[in-house]
Ligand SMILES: Nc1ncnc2c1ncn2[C@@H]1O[C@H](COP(=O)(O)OP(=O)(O)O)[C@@H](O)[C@H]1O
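We begin with a single chain expressed as structure tokens, specifically the form predicted on its own.
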Amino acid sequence: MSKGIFITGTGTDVGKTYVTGLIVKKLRSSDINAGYYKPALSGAEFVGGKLIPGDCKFVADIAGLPIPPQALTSYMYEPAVSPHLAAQIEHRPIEPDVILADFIKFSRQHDFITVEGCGGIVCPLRLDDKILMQTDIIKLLNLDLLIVSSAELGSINSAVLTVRYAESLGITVNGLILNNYDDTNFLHKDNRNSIQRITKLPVVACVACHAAHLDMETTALCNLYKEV
């Protein structure tokens, strides 16, 4: 059986893709057959005449994935807006059946599959004749959640709200990772302790600015994944 986890952030630009790349790199550097999948991506850019999904390329590069970044996502859009709006602009709506089929394909190819979401947890993927939220995909794939948060001022509020919203929908949260963490900063340390105390969930790792590796035991990381 393959194991998987879904990575979300407390908002846009908290370093979710960066941390996801370090997670996949950690697993693969431990000789684990680990893969990566991003159901939908907006803000892709043309490079050398080809539309490139930036998040997928970053993870593929940092983790050494031997696969073109375009093959790591089901839906890739050029407009740098929310996926639901990008899909409307390009007239290519996101279908959950397509995402499920691709996820199953990746799961069969890897022992551990890390799925990265878009933006924060309350991210609409469709708001046309159908409503499809990112949380619907998390539940469709039957995955537990790992939340990436900034360590900066305001992280307590955003982290707690993200945890509580996920839990209100019956989604299991296995922990949080704080990005841009400075262990000499009293605010960062208090944020870590406060988030753990309020949510009663572990901050499983803290990632320093420009960190090249995830400072976490491989076994502990693997234990966050769920059989799929």
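Just count from 1 along the sequence shown to find any residue number. Owing to the predicted nature of the structure, the values given are computational and were not obtained by experimental measurement.
Same protein, other form: the form predicted together with the ligand, not shown, and the subject of what follows.
- Interface membership of Ala220, defined by any non-hydrogen atom within 4.5 Å of the ligand in the model of the complex, is ruled out.
- The ligand in the model of the complex comes within 4.5 Å of no heavy atom belonging to Gln70.
- Thr199 falls outside the set of residues with a heavy atom inside 4.5 Å of the ligand in the model of the complex.
- The ligand in the model of the complex is not approached by Thr162, whose heavy atoms all lie more than 4.5 angstroms from it.
- Taken together, the three residues Val14, Tyr18 and Glu116 all lie with some non-hydrogen atom within 4.5 angstroms of the ligand in the model of the complex.
- Screening 23-31, 39-47, 191-199, 176-184 for residues having heavy atoms within 4.5 Å of the ligand in the model of the complex returns a single hit, 176-184.
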